[in-house]
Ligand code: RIB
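This document opens with one chain alone, in structure tokens, the form predicted alone.
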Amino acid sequence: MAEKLKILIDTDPGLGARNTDVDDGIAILLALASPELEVAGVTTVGGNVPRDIGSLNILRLLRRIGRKDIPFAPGSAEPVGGVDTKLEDKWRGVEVPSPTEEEKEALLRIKAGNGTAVDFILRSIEAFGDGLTLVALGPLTNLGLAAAQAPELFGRVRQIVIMGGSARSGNVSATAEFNLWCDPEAADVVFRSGIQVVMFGLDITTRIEVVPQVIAGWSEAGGFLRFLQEASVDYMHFRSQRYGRKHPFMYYHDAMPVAWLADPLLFDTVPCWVDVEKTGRYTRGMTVVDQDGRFHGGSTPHRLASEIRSEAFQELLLGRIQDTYRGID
């Protein structure tokens, strides 16, 4: 059997809180259910939810599925350029149960033991070097700070795989995707770090629309899978109301880069060169994607996910989650 690919997941998980994205949690569950992957750790960042809520969600998720062996570390609470009013508005709508005293103490112990996300990322690179892949499912704040703090060490990473950006239009503005819009300054550092970035942008992640019927089997299984199905459907209804759609829906955004790492045959990728717009009045956070390389000379290209085998992807995602987490309360 081939050696497992070591990955570190940097994420802004909303699963466990109402009125926010659940796809980060689904991506983490898929990673832990994939025999091809070894999750070396998880770090949290402010994005879909504030950093502290994301850390609480990770603590609860790993405990519930019996994976307390996975280390995690809290990351940056704010983007390098500060919190935008749009991000504050998004956070105001999030609902999460308050942490218990025991959970508060556990989070403090974790922070004391593992340090910040930047510390954890750099220690992991020291340990695994070119054997480590960084998987960023939220704003690139932690990765950007790590790259700026220790550029030579950061340069030893095998590759960076992100859900973020777009070669076309955005979802938080006409030009910008949410994760890159949150912290374009950090994203610019990451794309210029010399490490190849494999980008799963909105161009590919919105190809599959998920509706309640697709995951009905999770509810029938009961226990944890029913919780996952109910949380997903609740978010689908929230999205439909927010965007004025007639039916509940969501996307598997963050699960796609994880699925590609588990089975690269599920997707096609093409070379591209990427600039991140940091200052434009209408284009801040935009990923300017040059697929021809005409404007970037001999610089090392990144890669853009361009095609997906939709049926095979859904079979892998739904099958692995249902098989792995069935029977968990």
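Model, not experiment: these values are computed from the prediction. Note that residue numbering follows the sequence shown and begins at 1.
Beyond what is shown, the protein has a form predicted in complex with alpha-D-ribofuranose (RIB); the following relates to that form.
Novice: So which of Ser219, Gln196, Asn114, Asn171 gets a non-hydrogen atom within 4.5 Å of alpha-D-ribofuranose (RIB) in the predicted bound form?
Specialist: When alpha-D-ribofuranose (RIB) is considered in the predicted bound form, the option within 4.5 Å is Asn171.
Novice: Using heavy atoms only and a 4.5 Å cut-off, determine which of Val161, Leu202, Ile125, Val96 is in contact with alpha-D-ribofuranose (RIB) in the predicted bound form.
Specialist: It is Leu202 that has a heavy atom within 4.5 Å of the partner.
Novice: Answer yes if any heavy atom of Phe191 is within 4.5 Å of a heavy atom of alpha-D-ribofuranose (RIB) in the predicted bound form; otherwise answer no.
Specialist: Because no heavy atom of Phe191 falls inside 4.5 Å of alpha-D-ribofuranose (RIB) in the predicted bound form, the answer is no.
Novice: My question is simply whether Asn48 lines the interface with alpha-D-ribofuranose (RIB) in the predicted bound form - judged by any non-hydrogen atom within 4.5 Å.
Specialist: Contact with alpha-D-ribofuranose (RIB), yes.
Novice: Does alpha-D-ribofuranose (RIB) get within 4.5 angstroms of any non-hydrogen atom of Ala187 in the predicted bound form?
Specialist: Because no heavy atom of Ala187 falls inside 4.5 Å of alpha-D-ribofuranose (RIB) in the predicted bound form, the answer is no.
Novice: Taking heavy atoms only, is Phe72 within 4.5 angstroms of alpha-D-ribofuranose (RIB) in the predicted bound form?
Specialist: The answer is no: Phe72 has no heavy atom within 4.5 Å of alpha-D-ribofuranose (RIB).
Novice: I need the one stretch from 127-135, 100-108, 178-186, 224-232 whose residues put non-hydrogen atoms within 4.5 angstroms of alpha-D-ribofuranose (RIB) in the predicted bound form.
Specialist: Of the options given, it is 178-186.
Novice: Scan 229-267 and write down, in order along the chain, each residue with a heavy atom lying within 4.5 Å of alpha-D-ribofuranose (RIB) in the predicted bound form.
Specialist: Heavy-atom contacts to alpha-D-ribofuranose (RIB) in the predicted bound form: His253, Asp254.
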